[in-house]
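Have a look below at one chain only, the form predicted on its own, in structure tokens format.
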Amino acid sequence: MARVQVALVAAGFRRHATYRQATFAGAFTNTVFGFLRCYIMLSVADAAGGAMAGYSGPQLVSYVWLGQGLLAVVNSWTMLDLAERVRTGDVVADLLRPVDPLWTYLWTDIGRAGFALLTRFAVPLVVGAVAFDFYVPQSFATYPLFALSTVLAVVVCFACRYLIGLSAFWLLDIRGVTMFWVFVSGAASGLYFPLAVLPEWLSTILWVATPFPSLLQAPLDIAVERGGTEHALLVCLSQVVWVVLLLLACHWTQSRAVRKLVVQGG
């Protein structure tokens, strides 16, 4: 990795490492909601005879607690500051820098995800492992595939949030777009419930036609070994496709946005 990219990743890590109280509060909140979600899932599984949509009790436990940790790593609910910089005109300074803003934001976001992995991911996972019986992967290949899927999930989520930020070039106020994204991504990414509980036709559409399952459902299914190694490889391949498509969309949209750039007051 080039020195510039390393510096940007380190800057993203250091920036979020300064918010210690917010990190503690976030980890505590994720842990509390982990207990709530876990007991609800296990209650539904018990009522259904011990499993829910093909997930056993230990698989549901791992699904919930890994999801609570990944929520901060993927960070789908927090928008980039790109829209605010567009609104104030500060984006002009970003465009004058030698590094494309798309890559600047991407590398710093990866640094943020690295810090979240050490804090917001680890704390709920440790608490959940102490309080419940986790599902332990049976295949060694699951671990690197889960790590790869998590990295791809971070990039997919970044690209989606970058596109939302770019919409500020046309809208200026993106609160409506943001609210729509938060609602849809929460329901369609597997955060609230596994997508397998949905009707098969709806679940298939989400997997094939939208990037939402790539955010959380994909790494969580790999971690609980739903479908085996071949299914995990197929899931990672679909995430790679979404990464390529979304980054190309970001690049194309940014080039269109810059053409119509008008700096307020400048």
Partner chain sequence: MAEILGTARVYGRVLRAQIRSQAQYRTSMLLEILGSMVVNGLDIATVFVLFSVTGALGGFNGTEVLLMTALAAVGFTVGDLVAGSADRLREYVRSGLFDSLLVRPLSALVQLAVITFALRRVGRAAQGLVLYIVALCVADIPWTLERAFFAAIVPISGAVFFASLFIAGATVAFWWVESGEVANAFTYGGRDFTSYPSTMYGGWFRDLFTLGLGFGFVAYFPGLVLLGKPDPLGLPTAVAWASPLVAVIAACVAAVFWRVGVRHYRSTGS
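Bear in mind the structure is a predicted one, so any value in this text is a computation, not a measurement. Positions refer to the first chain, counted from 1.
Not on display, but discussed next: the form predicted together with its partner chain.
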(request) Given that the partner is absent here, state which listed stretch (153 to 161, 95 to 103, 109 to 117, 185 to 193) has heavy atoms within 4.5 Å of its partner chain in the predicted complex. (result) 185 to 193
(message) Taking a heavy atom within 4.5 Å as contact, would all three of Ala22, Tyr39 and Ala47 count as contacting its partner chain in the predicted complex?
(response) yes
(request) Flag Tyr143 as yes or no: does it have a non-hydrogen atom within 4.5 angstroms of any non-hydrogen atom of its partner chain in the predicted complex? (result) no
(request) Find out whether any non-hydrogen atom of Leu198 is located within 4.5 angstroms of its partner chain in the predicted complex, and reply yes or no. (result) yes
(message) Please tell me whether any heavy atom belonging to Gly26 falls inside 4.5 Å of a heavy atom of its partner chain, as the geometry stands in the predicted complex.
(response) yes
(request) Indicate whether Val32 is a 4.5 Å heavy atom neighbour of its partner chain in the predicted complex. (result) yes
(message) Give me the residue from Leu148, Ala129, Ala122, Val177 that has a heavy atom within 4.5 Å of its partner chain in the predicted complex.
(response) Val177
